[in-house]
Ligand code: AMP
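Take a look at this single chain in structure tokens; it is the form predicted on its own.
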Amino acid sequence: MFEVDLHLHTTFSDGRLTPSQLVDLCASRGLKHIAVSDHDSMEGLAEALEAAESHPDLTIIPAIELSTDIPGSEIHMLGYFIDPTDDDLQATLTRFRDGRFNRGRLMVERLQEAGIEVSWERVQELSGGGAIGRPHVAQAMVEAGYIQYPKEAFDRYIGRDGIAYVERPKLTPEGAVDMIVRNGALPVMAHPTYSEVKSARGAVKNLRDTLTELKAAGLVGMEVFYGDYTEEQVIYLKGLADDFDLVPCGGSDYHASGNPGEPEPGSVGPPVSTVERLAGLKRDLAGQAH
């Protein structure tokens, strides 16, 4: 088991555990440092931090995950040590969550047009008032009996090439890095290559060129120790991280999705030295601000 997991989701985006449940699970699995990194939302952080008070050996890094657009694909950007009091960032996140809501509704309509009777009301219930994501649509399809696992929805219906896929407003990768930097947080590229468990997510094309551009924009790290990555993938990504002087980050990307083979908190993660490097970079930023 690992002591660090820097990629976790709660019911405030598309995870199925509340922040308190997630924190308790991580503590029970022996984790010492975690990041709650919901999609386009920081609303679960206060509950997570409060829950962590019952686990003095567990430290939470406040984080967020942003989706960004590139031609024909997308890149996800994590922001560590995020400041939730940033009004400009919150305004952008509100716009993104509205976009997720509208996209979810349109996806359900397309599914219904294809004869797949999924309830929009149920999708909203599954979101629990958080940011609506495609996993909520997938879970509603499971409940309705159209598929066995949520992953099948992405593979067949709501992935980028699926019959019910709908785009939504997103930043560019450089725009996300800039927004995270202006917040005083640390931008890190998420899951840069293919994941078997999440087969709808491909590799970032021209990764070396992309890293060159994002490093110039302020990128400080990339996920290396991620989810179900193979040893060969980890070696390749660690080499790239070293070449670009990026902090090698990672985690399970746990959603409690119910998909077979989903990595669980503590099953994968970076070394404690990663947290130390991130904390050092944050201290440097704080010193520059003063």
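Just so we're clear, the structure is a prediction, and the values are computed from it rather than from any experiment. One rule holds for the numbers: they count along the sequence shown, beginning at 1.
We do not show the form predicted together with the named molecule, though everything after this point is about it.
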Next on the checklist: Counting any heavy atom within 4.5 Å as contact, can you tell me which stretch out of 81-89, 99-107, 177-185, 205-213 lines the named molecule in the model of the complex?
Outcome noted: 99-107
Next on the checklist: the named molecule is absent from this chain, but in the model of the complex, do 76, 133 and 198 each have a non-hydrogen atom within 4.5 Å of it?
Outcome noted: yes
Checklist entry - Can you pick the one in 68, 59, 259, 233 that has a heavy atom within 4.5 Å of the named molecule in the model of the complex? => result 259
Checklist entry - Is residue 122 one of the residues lying within 4.5 Å of the named molecule in the model of the complex, judged by heavy atom distances? => result no
Checklist entry - Does residue 255 reach the named molecule in the model of the complex, with heavy atoms at most 4.5 Å apart? => result yes
Checklist entry - With a 4.5 Å heavy atom cut-off, would you call residue 33 a contact of the named molecule in the model of the complex? => result no
Next on the checklist: in the model of the complex, does residue 154 come within 4.5 Å of the named molecule, counting heavy atoms only?
Outcome noted: yes
Checklist entry - Can you name the residues of 16-50 that have a heavy atom within 4.5 Å of the named molecule in the model of the complex? => result 39
